[in-house]
Each structure stands twice: as C-alpha cells, then as structure tokens.
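Read the single chain below, which is given as structure tokens and is the form predicted alone.
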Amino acid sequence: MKDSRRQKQLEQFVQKLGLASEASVDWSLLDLALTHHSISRKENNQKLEFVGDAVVRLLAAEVLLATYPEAPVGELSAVRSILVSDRVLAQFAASYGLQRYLLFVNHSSMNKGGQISLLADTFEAVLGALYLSTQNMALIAPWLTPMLQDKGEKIRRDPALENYKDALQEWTQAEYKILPEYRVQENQQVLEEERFTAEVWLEDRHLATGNGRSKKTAEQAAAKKAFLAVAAG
C-alpha cells in the first residue's frame, strides 16, 4: 500500500486478531473491507461482505458440528442462525474495536439498529478479505473459532440471549426468508398475568401461544415456546 499510515492501522488491526503482521494478508483487500460505500460507490466493501457472509456461516457450521456431534440438526441450525446474526457479529466486531479502522462518512442520526448492521456488515467484509487472501480459513479459524465456541455455548444455555422474539425472527429469516407474525388479543376478564394472549404464526402455520400482562410479554412468551420447539427439532 502507498499510504504508510493506513498500512500501520491495518497491521495493528490484524495483530488484534492474534495474527502476525507478516501474515499472508492481502492488504488491499483488507483496506477495501474497511471502506464503507458512503466513502465510494465503486470501491467499497459490499462484495467482500457477500463473501464473508458465506464464510462465517460455513465456519459456524463446522464449529457446531465438531463441538456438538450428537445434537440434532434443528438445534444446530437454530444456534447457528443466532451466531451469524447481526447483533452477535456486531458484538464480535466491537470486541476488536473494528469501528476505529472503518473508513465511513458518519451519520449522527443513525439509530442503534443501523449501527449494529454497519458493524456486522463490516465484520463479514473483513472475513471475506481474509478468506480471499489465502483461499482458505487459515487467517480466520485461529481467532474466530474460539469466539464461536464460547458464544455457541452461551446460546445453548440461553438460546434467546434474553430476547426470544429476536431469536425466533433470526431463525425464520435464516430458514424461510420470512418473518413470524404475532396475533394478539386482550381479555380483561382473566388474571392480570394472562390479560394478553399472543399467537405466533409462520405464514399459515401456528407455532405457539403465550400469555402475559402486556402485549410485549405475551409475544415474548409465545416466541419462547416457538423457538424452543424448533431448537429441539
């Protein structure tokens, strides 16, 4: 690279991943992976993100199969859908301070969801750049595998990470490319704890029913039943 300052930044980032600065990294690709389309419409990380999406799904599948060989496919699929979700990938990205190396025209009005998506997409682009540098997982597996194992175990202990609606949505999007639908009714004649009843549907398939003192808690209750059911296969 011609820009020695940028080169040093990229080397610092690679070292944070636990890789040696002399690793077989294609620095031009890594620089591109950390260039948002707000900087350039032509030279940006979108195509590398496309590759990285496939890379993280493959590595997550390999890690889960090796770690839990006796687990049913439905459970592995449910866990993987959360492992490769935007919110988890954004957490991985933030743990390495990835945002410090991203070339990006900052939009102060960006909401939290947009920030999560930005980090997740950039993380996938970095994976794409590292994969294409060697055409294998050599620059990725050493540091990402233990992260996937640790997070995968936490997900198995608490599949929803305290948000079953998000977990179910991530699973339905991964498996069917559609969102679940919640149908809520209020009944003032029952106990306060069961005042709202929520049904969760996937197109014409009824997944589960839950109750709660509010619409939100009823939907979470229904989502929990539905997600645990699909996770169990």
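Note that residue numbering begins at 1 and tracks the sequence as displayed. Keep in mind that what you see is a predicted model, and the values were worked out from it rather than measured.
There is another form of this protein, the form predicted together with a further copy of the same chain, and it is not shown here; the text below is about that form.
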Please tell me whether any heavy atom belonging to Glu199 falls inside 4.5 Å of a heavy atom of a further copy of the same chain, as the geometry stands in the predicted bound form.
no
Proximity of His36 to a further copy of the same chain in the predicted bound form, heavy atoms at 4.5 Å:
no
With the partner left out here, check for me: in the predicted bound form, does some heavy atom of Ala54 sit within 4.5 Å of a further copy of the same chain?
yes
Classify Leu76 as contacting or not contacting a further copy of the same chain in the predicted bound form by the rule of any non-hydrogen atom within 4.5 angstroms, answering yes or no.
yes
Taking Glu11, Asp26 and Phe104 together, does each of them reach a further copy of the same chain in the predicted bound form with some heavy atom inside 4.5 Å?
no
Contacting member of Leu207, Ala61, Val184, Leu32, with respect to a further copy of the same chain in the predicted bound form [4.5 Å, heavy atom]:
Ala61
Applying a 4.5 angstroms cut-off on non-hydrogen atoms, the residues of 78-98 near a further copy of the same chain in the predicted bound form are Arg80, Asp86
Per the comparison in the predicted bound form, the Leu83 and Glu175 C-alpha atoms (change 3 Å or more) are positioned farther
Please check whether, in the predicted bound form, the CA atoms of Gly97 and Trp171 lie closer or farther apart than here, given a change of 3 Å or more.
farther
